Structure formats: C-alpha cells, structure tokens
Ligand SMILES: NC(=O)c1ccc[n+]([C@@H]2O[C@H](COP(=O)([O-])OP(=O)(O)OC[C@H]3O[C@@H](n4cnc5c(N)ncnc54)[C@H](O)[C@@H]3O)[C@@H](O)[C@H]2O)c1
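Just the one chain here, the form predicted on its own, laid out as structure tokens.
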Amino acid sequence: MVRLILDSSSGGYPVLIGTNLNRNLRDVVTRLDPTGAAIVTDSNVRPWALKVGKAIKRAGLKTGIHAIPAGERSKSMTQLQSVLAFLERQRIDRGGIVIAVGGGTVGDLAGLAASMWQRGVRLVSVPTTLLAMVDSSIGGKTGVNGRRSKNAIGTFWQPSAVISDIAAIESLPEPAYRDAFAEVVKYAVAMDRSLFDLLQRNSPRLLERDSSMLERVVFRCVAAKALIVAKDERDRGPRAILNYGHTAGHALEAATAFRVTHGRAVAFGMRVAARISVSMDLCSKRVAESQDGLLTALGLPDKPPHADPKRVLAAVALDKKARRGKVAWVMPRRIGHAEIGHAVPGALVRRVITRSLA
C-alpha cells in the first residue's frame, strides 16, 4: 500500500492505494469518528458496497446503502434528489459521513449531495473503477449533467479520504477497464513523459491487470493531479491542463446523450487536440502518432464513434471553460508537456472534428 496526502484549502486528506484495503478503510472511518454513515453506490457495484458496509460495521458504525442505476445518465437532478432523500432517511447530521462506492458517476453525484446536505458533510471516496482512481475521485470536483452540458451543475467539495483498492478492478468488464486508460494517457501526454515511457513499456502487463503495475500507474496519476490541485484547487488557471482531451471529448458525450463512454470520448478528444496542434505547428506529427499509438496499444483504437459532427461542434461552443463564447484549448507541444489557453480558428475545429468522425 502507498499513502499520499493531498493538500487543499480545507486541509490535507489521505489517498490510500493498494490491494484489499477494507481494514485500512475501517481505520480511516474510525479516526473520522462520524455520528452516522450513508453509502451511495450503483446497481453494478452494490456487492462491493456490501463489503464496505461490513467493514464499517466492524468499527461499530451502522450504515445504510442507496444504489442508483448504473451509468452516466444517473448524473441528473432526479438522482441527486433521490440521494438527498436517502441522507434524510438515514438522519445524517453534520457529524456524519457520506461514503461513495463506485465509479465517476457515483463519486460526482454523492460528492455533490455531501456538499449540499446540512450545508456540507464529510465525504469518503471509495473508487471502484480505474478511471475514478486515477482522476475523478481526486481534486474535489462534484457535479451532475445539465440537459445539454457535461458537469454543468456542481461544487468543489474535497473528500476527507480516498481509498483506492486495486482489488475492485479485478471484476471490471473489459470495456470499462480499457476505457480508463484515456485519462491515464492524458496525464502522460500533458504532464509526465516518464509515465508515457512506463506505459509504452508495460502496456501488456496493464492489459493483463497486473496489480503491482496498476498500483504504480494509479500512484503516478494521483501524484500528478495532486500537484496541480494544490496549486489551483478552484480551477481558475493551471488546473485547466487536466482538461486535455476534454473539450472535444465532453462535446462528444453531450452530443450523443452520453451514449459514448467518457474514456472513449476523451481518447477521441485527445486525438482531435493533437491533430489541431499539428495543423497549427504547435507539435510535430510524431507527437500525435506516438500518442495515438499508445491509445491503440491500451485498447482505445481510432474507430470514429457514431455522432453527428454538427451536434458535436455545437456542444464544443458550450464548453464550461469558455469565456465570452471563446473556447480555450489545451494543446500538446511535446510528449509530457501541454499548454493551456490556446485559441483555435473555428474553421480548423470544424475540419478536424468532421474528419475525425468520418
């Protein structure tokens, strides 16, 4: 097991990464000394949530479990209302905790509910997908989707602890597992050349779900994100680097009513960004080819998703980081280094996205 402390304005919190961490979870919850606990999960992960519930009961704490329907469409105001009603039924007071057991959808939804209930109660995140371990469980962003925009409604609410148990990944369906590598490659291309090299050398071990290699990769991604979040917790500047691949990626998700998975959308978005960067002479063609080759090696080949280019382009304009209608793109310059704040001519965006979806 490895342990990091992530700094935030509300205080540092531990991130534990390892295998079979139920005892560590119980110790973390015991130290928080909550007056009550409520577990939020989804229908796919409920068996893992039951294990978490048993671990907490051994600490002498009663808890209930609320399972939302699995899938991105549960990031909605309707499901937020259902979680808040569950917290009310559980009589969670300001000394209680919400425990999010699941992937990014559960974490974002439960985190938003925790930030709102009683004007804010503590949150413990127990991510069960690789994608959530390396990205969404870290940094304090919560939210649900608007009718047309991804993550349009949300708050910043840091967890009190994150427990990433690699054992949870063992039962992930193959598509969901490979989906996560888009976010991993994002860190490598935008921030960490040595991670990129590690991924290239060890892609077969990662595809075989080698636990020791997964632990190394999760640690590197969390450490990279922790450094950025410590500098820019409220996403007012440098944290935009974490948006690499997400401008076109989020637009693709919104344009397809979230039928395209997040990882596949981000992989698409990184390919789009790299092609734009090459066209603007910001990076070499070799950089784009290296990125795309690694995505393919990790199970995210360049197969265009079924989407209407006009809808995707319309959704790009609604990017939540846009200012006065102008979208700021994150552009790769070389492997391990990207830059924020690039303006891209609309004609170039239209051309690249249309060709990428052909």
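This one's a predicted model, so the numbers in the text were calculated from it and none came from an experiment. Counting begins at 1, following the sequence as shown.
Not on display, but discussed next: the form predicted together with the ligand.
Although the partner is absent here, Val45 sits close enough that one of its heavy atoms falls within 4.5 Å of the ligand in the predicted complex.
Within this chain, Ala70 lines the site of the ligand in the predicted complex, having a heavy atom no more than 4.5 Å away. The ligand in the predicted complex is approached by Leu131, whose closest heavy atom lies within 4.5 angstroms of it. Taking the partner from elsewhere, Gly104 is found to have a heavy atom lying within 4.5 Å of the ligand in the predicted complex. In summary, among the residues Lys141, Arg220, Arg178, Arg122, the only one with a non-hydrogen atom within 4.5 Å of the ligand in the predicted complex is Lys141. Contact with the ligand in the predicted complex, defined as a heavy atom within 4.5 Å, holds for exactly one of Gln158, Ser277, Ser136, Ser164, namely Ser136. Judged by heavy atoms within 4.5 Å of the ligand in the predicted complex, the contact stretch among the candidates 283-291, 83-91, 267-275, 146-154 is 146-154. Scanning 163-191 for heavy atoms within 4.5 Å of the ligand in the predicted complex gives Ala168, Ser171, Leu172, Pro173 in sequence order.
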